[in-house]
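Only one chain is shown below, in structure tokens, and it's the form predicted alone.
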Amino acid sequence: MNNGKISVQQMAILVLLVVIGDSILIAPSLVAHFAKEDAWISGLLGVVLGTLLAGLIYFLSRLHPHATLVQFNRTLLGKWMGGIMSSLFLLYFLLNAAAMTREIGDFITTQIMPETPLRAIHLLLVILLMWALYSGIETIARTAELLFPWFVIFFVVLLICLAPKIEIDRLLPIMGHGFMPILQGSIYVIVFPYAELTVFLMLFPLVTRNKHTNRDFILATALGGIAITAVILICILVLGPYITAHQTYPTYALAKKISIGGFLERVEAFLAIIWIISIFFKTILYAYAFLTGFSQLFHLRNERILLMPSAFLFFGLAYAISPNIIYYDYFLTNYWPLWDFTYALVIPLVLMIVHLFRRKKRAHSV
């Protein structure tokens, strides 16, 4: 699976796809629930704070640039404590991959093919997921590079086609509910796009770095956040804050409103393509991080022997992780942000403090 390197450009594309990921469909509803018509301000604030969080994750990767997160934990914390810390991250990667598989399944079975069993969608997704993992990280990165221009074209066309539906008055009053709702809404822009970039701690050693690696990583995270903010803004301008907040997939409802000359209509399938491309690559990277981390933790020579057991694990967890979409949305809103912040902010800060303390201790001993 580690059959080669990925370029900085490919890394930037993967970062963009991970940042946009599932947020393009679920973020407008979550943010508008708190910030109402100021959701776009929450988006901008989230981009600023989220980019800082992404910088923290990148800084952690630079402490040992040729080591994955699992290898870094073992070097820093020792065999046993490092193994425990790595196991926690493997659980995080596993549950995220299963949760995103469930998100795709819920979206398809509720919006596109309601008569199709959820497990049938999950089975197809897991088969594609295993095929991608078997092909290796270089093939995954090249495929993302190939599909990315189509992703951009569909995204831009979607925004342009919605321009006639815009009503500026829906943004008023600006900050009519104070700053606290804006801050609450920004949490969801920070968490789902940016906190989940921890998966790249398993990928950075494979990147052929150059002098622009740092710049391209931060630029990709910022552009992804701006794209999400643009989607939030267009949802408020077209649907209004109330409908945006009370739709499970407001962006998909937005695409259904496109009608140009009575000819160009029902183009929501293009939005579905955009979303499935971004979230599926995000799912692939989390599954890859889990398999690679597991093999490194237990010193396996070939990760591919884990593909079949992992397929059953992803398939079962995706179905068992939630009894229905209502429960999943409730858990996503109230508890998942704490889960993401723990692995993207709290634990990385602890690891950096331990690293600095040990480096200082070594300097004094010399």
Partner chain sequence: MGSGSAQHRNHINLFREALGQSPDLIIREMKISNTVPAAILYMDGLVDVQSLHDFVIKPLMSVKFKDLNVVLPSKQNLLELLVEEVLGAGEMEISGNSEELIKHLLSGNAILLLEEKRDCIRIKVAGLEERNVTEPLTQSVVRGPMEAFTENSQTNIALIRRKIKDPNLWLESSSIGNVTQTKVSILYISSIASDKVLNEVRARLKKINIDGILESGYIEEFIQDKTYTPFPTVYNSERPDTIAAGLLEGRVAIVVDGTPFVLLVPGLFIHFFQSSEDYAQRSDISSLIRLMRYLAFCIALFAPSLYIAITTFHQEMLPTSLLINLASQREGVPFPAFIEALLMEVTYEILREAGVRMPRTVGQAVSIVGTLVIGQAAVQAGIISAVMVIIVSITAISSYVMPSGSMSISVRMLRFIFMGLAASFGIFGILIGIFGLIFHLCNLSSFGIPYMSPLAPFIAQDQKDTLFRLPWPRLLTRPLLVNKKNIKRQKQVK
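Numbering follows the first chain given and starts at 1. Model, not experiment: these values are computed from the prediction.
As for the form predicted in complex with the partner chain, it is not shown, yet the points below apply to it.
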Please run the contact check for residue 281 against the partner chain in the predicted complex: heavy atoms, 4.5 angstroms, yes or no?
yes
Would residue 179 count as touching the partner chain in the predicted complex under a 4.5 Å heavy atom rule?
no
Using a 4.5 angstroms cut-off on non-hydrogen atoms, would residue 116 count as touching the partner chain in the predicted complex?
yes
Can residue 245 be called a contact residue for the partner chain in the predicted complex at 4.5 Å between heavy atoms?
no
Which listed residue (152, 120, 226, 219) meets the criterion of a heavy atom within 4.5 Å of the partner chain in the predicted complex?
120
Selected contact from 175, 159, 84, 112, since only one has a non-hydrogen atom within 4.5 angstroms of the partner chain in the predicted complex:
112
Location of the partner chain contact in the predicted complex, chosen stretch of 182 to 190, 236 to 244, 102 to 110, 209 to 217 [non-hydrogen atom, 4.5 Å]
102 to 110
Are there residues in 131 to 146 with a heavy atom within 4.5 Å of the partner chain in the predicted complex, and which are they, in order?
131, 132, 135, 139, 140, 142, 143, 145, 146
